[in-house]
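We begin with a single chain expressed as structure tokens, specifically the form predicted on its own.
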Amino acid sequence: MSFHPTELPLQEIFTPGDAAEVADVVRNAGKARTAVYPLGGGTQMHYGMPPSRPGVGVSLEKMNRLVDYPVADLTVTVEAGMTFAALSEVLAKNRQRLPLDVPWPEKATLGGLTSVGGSGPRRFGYGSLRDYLLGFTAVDGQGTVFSGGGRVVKNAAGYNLPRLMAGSLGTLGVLTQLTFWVRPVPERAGILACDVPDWATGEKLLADLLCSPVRPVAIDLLLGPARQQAPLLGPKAAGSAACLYVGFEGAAAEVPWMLETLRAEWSAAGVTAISSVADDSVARFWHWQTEFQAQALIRVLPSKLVGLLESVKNIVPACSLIAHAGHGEVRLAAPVEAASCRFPTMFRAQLRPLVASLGGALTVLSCSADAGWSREDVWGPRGDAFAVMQALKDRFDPENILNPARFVFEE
């Protein structure tokens, strides 16, 4: 991580107990045009541009209560300061869960996770956080409490404000309460893995999955040092292009059937080095992937992914790559010597043009204040949607006091 909450330029930290107190803090800061930095568990403070000016912190650590949990409705409403681990413990008592892959869940708050709007390896099967956010309450940059969405799964009234808030990095409002759709805990989990000897074989194996009767929740390719560090025993033959991991979750009879079906398909295709793990080992693998420290996130169409991986390895041969092939996301960790000095130059001159040529997007995940990253380096060039985004920012936060300069908006 590049910096910690204690390193933010904070003049004072407030710990409000409810939305009305949050509104008072923001309203007073707005009158003085003082920056406001929402604070959760501090697990994602390396994400986005470094803060641009001194301000006050709004810690939600006291706002961590369970508000409503109608179990049969598969929804739960919580205050934004509750940690993901605490929510998971509540849901587990009824064999339910919020199916997200969250780094450092004991510290990560639900408000912070929503602001970042990230996703993990099982997004292919379950979607991202914004797919589960049904409603919210927040305080805008003028100190006004407002809400969006609702507490039911089927809610088609008005604009979909929850999707707007998810991933806005706290620049549109300070989240105070959240309602999520939850799902039952699956009975079994398993992963089937194999070596990919070359890129042509990798392309074929991925294409064959589209025609297979099995339904994975994750399809991952691991390259470079990452595949050697992965906490699963399995095929890691020297000289192979990558290792392919296909994950399954479901009913007790369903998962073994999918594992055996895919194993038979791979054997028929000539794949020989195949291994599988189940249940607890699977959970360890997802946890390791989720906390994997990457410098950049690349998004491309799944059909472009194999070509992207081959090109990136030619540019940065010693890098680690974790590719979520099902939904076209690649996390890149540069080797230490490149990350510390050559990575910014290599990034601008080679990686971003490569991704742009494939119609993809690239975001810097860990941005240190002394690396000289520009806003375009971190978030990419502004697209056609930026004018709409700026108009929304001006409406929700006209004085630009909420997390100023950390997202795509200028100071």
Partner chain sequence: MTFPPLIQELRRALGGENVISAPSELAVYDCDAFTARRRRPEAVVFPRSGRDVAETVRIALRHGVSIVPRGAGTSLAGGCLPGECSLLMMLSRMNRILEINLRDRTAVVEPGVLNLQLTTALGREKAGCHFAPDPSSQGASTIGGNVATNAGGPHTLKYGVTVNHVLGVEAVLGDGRIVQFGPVEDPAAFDLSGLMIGSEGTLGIVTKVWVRLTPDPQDHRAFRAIFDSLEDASNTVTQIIAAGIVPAALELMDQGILGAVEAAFAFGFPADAGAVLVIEIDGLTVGLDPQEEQIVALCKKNHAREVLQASTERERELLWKCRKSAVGATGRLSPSYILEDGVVPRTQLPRILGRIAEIGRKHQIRIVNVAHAGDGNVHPILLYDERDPEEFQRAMAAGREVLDECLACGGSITAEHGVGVQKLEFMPRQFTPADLAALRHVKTAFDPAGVLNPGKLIPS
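Residue numbers count along the first chain shown, from 1. Everything numeric in this text was worked out from a predicted model, so none of it was measured.
A second form of this protein, the form predicted in complex with its partner chain, is not displayed here; the remarks below concern that form.
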Choose from 191-199, 122-130, 223-231, 278-286 the stretch whose residues reach within 4.5 Å of its partner chain in the predicted complex, heavy atoms counted. 122-130
Give a yes or no on whether every one of Gly57, Thr290 and Pro317 sits within 4.5 angstroms of its partner chain in the predicted complex by heavy atom. no
Just one of Gly360, Gly30, Pro344, Pro50 has a heavy atom within 4.5 angstroms of its partner chain in the predicted complex, so which one? Gly360
State the residue from Leu74, Ala85, Ala264, Ala92 whose non-hydrogen atoms include one within 4.5 Å of its partner chain in the predicted complex. Leu74
So, in the predicted complex, is Trp379 in contact with its partner chain at a 4.5 angstroms heavy atom limit? yes
Taking heavy atoms and a 4.5 Å cut-off, does Thr171 contact its partner chain in the predicted complex? yes
Any non-hydrogen atom of Leu301 within 4.5 angstroms of its partner chain in the predicted complex: yes
Looking at the partner-bound form in the predicted complex, is Pro213 within 4.5 Å of its partner chain by any heavy atom? yes
